[in-house]
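One chain follows as structure tokens, the form predicted alone.
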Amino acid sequence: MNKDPLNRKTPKKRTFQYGYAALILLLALSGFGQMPIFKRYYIADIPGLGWLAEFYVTHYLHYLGAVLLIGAAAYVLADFLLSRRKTLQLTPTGLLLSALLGGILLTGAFLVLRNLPGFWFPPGVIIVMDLSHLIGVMLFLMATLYGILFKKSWTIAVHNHMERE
């Protein structure tokens, strides 16, 4: 049982965490769905997963998920900076995940701009953006899995951090 009241799991916090996990799953599935891997490897033939082979379905779901992720990230960042900055501190895992998520959001924004009329990027820049986004996502998913397996939190109470040093 967690004795730290700042890291206590409230129903609101649990709901946010489950929603965040569902959102990351949606973004990962729809993002990989942009590549034809689900049809190629017959994953889309599994009943209920046929939508994974539909490019425009996964494309618009990815955009919707990205909007929700930007909103969630903005909410968490504003909450941290405005009310919790003095009581919570990012852990090394939290710093790594935050940096990776920021990189994913930045490269994703440029990839969205690339798809809009009126924007043009040289082919080399598009390749770098695509690979940066894909590598960032893979590193983020691996770091998230590491955090889940080893119960690493994004934040720690400041007084706990002082006791450890």
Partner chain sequence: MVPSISRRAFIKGGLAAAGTVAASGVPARAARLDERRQLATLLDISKCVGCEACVEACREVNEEKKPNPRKPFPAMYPPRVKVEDWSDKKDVSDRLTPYNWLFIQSAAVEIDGKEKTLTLPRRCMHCANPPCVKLCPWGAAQQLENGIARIDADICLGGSKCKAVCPWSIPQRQTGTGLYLDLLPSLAGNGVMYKCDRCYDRVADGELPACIEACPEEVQTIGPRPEIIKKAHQLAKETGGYIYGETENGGTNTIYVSPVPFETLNRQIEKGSGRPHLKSVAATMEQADKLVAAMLIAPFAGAIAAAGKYYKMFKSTKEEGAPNE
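Positions refer to the first chain, counted from 1. Worth saying up front: this structure is predicted, and the values here are computed from it rather than measured.
Form predicted together with the partner chain: not shown, discussed below.
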Test of understanding: in the predicted complex, would P47 fall inside 4.5 Å of the partner chain by heavy atoms? no
Please check if Y63 has a heavy atom lying within 4.5 Å of any heavy atom of the partner chain in the predicted complex. yes
Just checking whether L95 would be counted as a contact of the partner chain in the predicted complex - the rule being heavy atoms within 4.5 angstroms. no
Is there any non-hydrogen atom of F121 lying within 4.5 Å of the partner chain in the predicted complex? yes
Across 51-85, the residues having a non-hydrogen atom within 4.5 Å of the partner chain in the predicted complex turn out to be F55, Y56, H59, Y60, Y63, L64, A66, V67, I70, G71, A74, Y75, A78, D79, L82, S83, R84
